[in-house]
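Next up: a single chain in structure tokens, the form predicted alone.
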Amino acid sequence: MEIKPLNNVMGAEVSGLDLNKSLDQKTIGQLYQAFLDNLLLCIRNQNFPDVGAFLDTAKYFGIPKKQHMESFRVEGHPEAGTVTSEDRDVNDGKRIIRGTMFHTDESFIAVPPKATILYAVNVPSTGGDTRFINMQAAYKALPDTIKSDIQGLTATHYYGKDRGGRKVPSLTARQMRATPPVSHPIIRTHDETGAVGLYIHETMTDYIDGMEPAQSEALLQKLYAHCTENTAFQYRHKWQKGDFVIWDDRATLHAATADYGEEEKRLLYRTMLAGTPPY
């Protein structure tokens, strides 16, 4: 097994490992530490026979949780979902490419996942990259005055927030009733490493608690621009068939790239790992 950096922002690549074979505790420990150190781990050239084998491997990193979006679950495996070129909105049936705005998964629930894992069964011949932001690096680069301004603040995250230009798959009315607004700290402390980073994103963060709406929006937009417009915090993953990629939802944002043709086929298995309440 060889582990080497993908770039100087975040991410490491693992080669020479077959995840279909049982791993010893030393190897599991090395992989997990590499995940914590790099926030993203790409294990190349995997070939899982089915979703069950994918979920078994995910358990090396944590406990797979039930997928919140029921319409994209795999039948018989509620902890697994798919991301495909044939995804359709649950309400209007239109083809969608999910996750094209920067976000961290399921921040709209009280206990968001600690990590997301995707496995590339099929990828487009060109395009379909996933972009990532290191939110710990983004926080570190903030001016001290802004760090002081946002210290101790919380923000409300809500799946149903009303904002022009926002693109997210629909939830059913029943699912929306089960997804009330939740509040999380703007600066999140990583529960395993103690590192701190920003925990906001334009997709689900609605407003800063206790702040006038205009002031809240101005501050959020300033923080969004700082994170998303600076390539010094970003890594772009070019998918290869067989990639098993895990990233840390406590410290990163990600966004899909909708730049491949409708004739291209894409299939990824997806799971998320149970986390802890942000603090």
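All residue numbers refer to positions in the sequence shown, first residue = 1. Please read these numbers as outputs of a predicted model, since none were measured by experiment.
A second form of this protein, the form predicted in complex with a small molecule, is not displayed here; the remarks below concern that form.
Although the partner is absent from the chain shown here, none of 11, 35 and 135 has a heavy atom within 4.5 Å of the small molecule in the predicted bound form. This chain lacks the partner; the member of 103, 184, 114, 161 within 4.5 angstroms of the small molecule in the predicted bound form by a non-hydrogen atom is 103.
Proximity to the small molecule in the predicted bound form, taken as a non-hydrogen atom within 4.5 angstroms, holds for one residue of 142, 168, 83, 150, which is 83.
Residue contact with the small molecule in the predicted bound form: residue 256 places a heavy atom within 4.5 Å of it.
Taking the partner from elsewhere, residue 198 is found to have every heavy atom lying beyond 4.5 Å of the small molecule in the predicted bound form.
Among heavy atoms of residue 247, some come within 4.5 Å of the small molecule in the predicted bound form. When the small molecule is considered in the predicted bound form, residue 130 lines it closely, a heavy atom lying within 4.5 Å. Note on the interface: of 223-231, 248-256, 43-51, 206-214, the segment with non-hydrogen atoms within 4.5 angstroms of the small molecule in the predicted bound form is 248-256.
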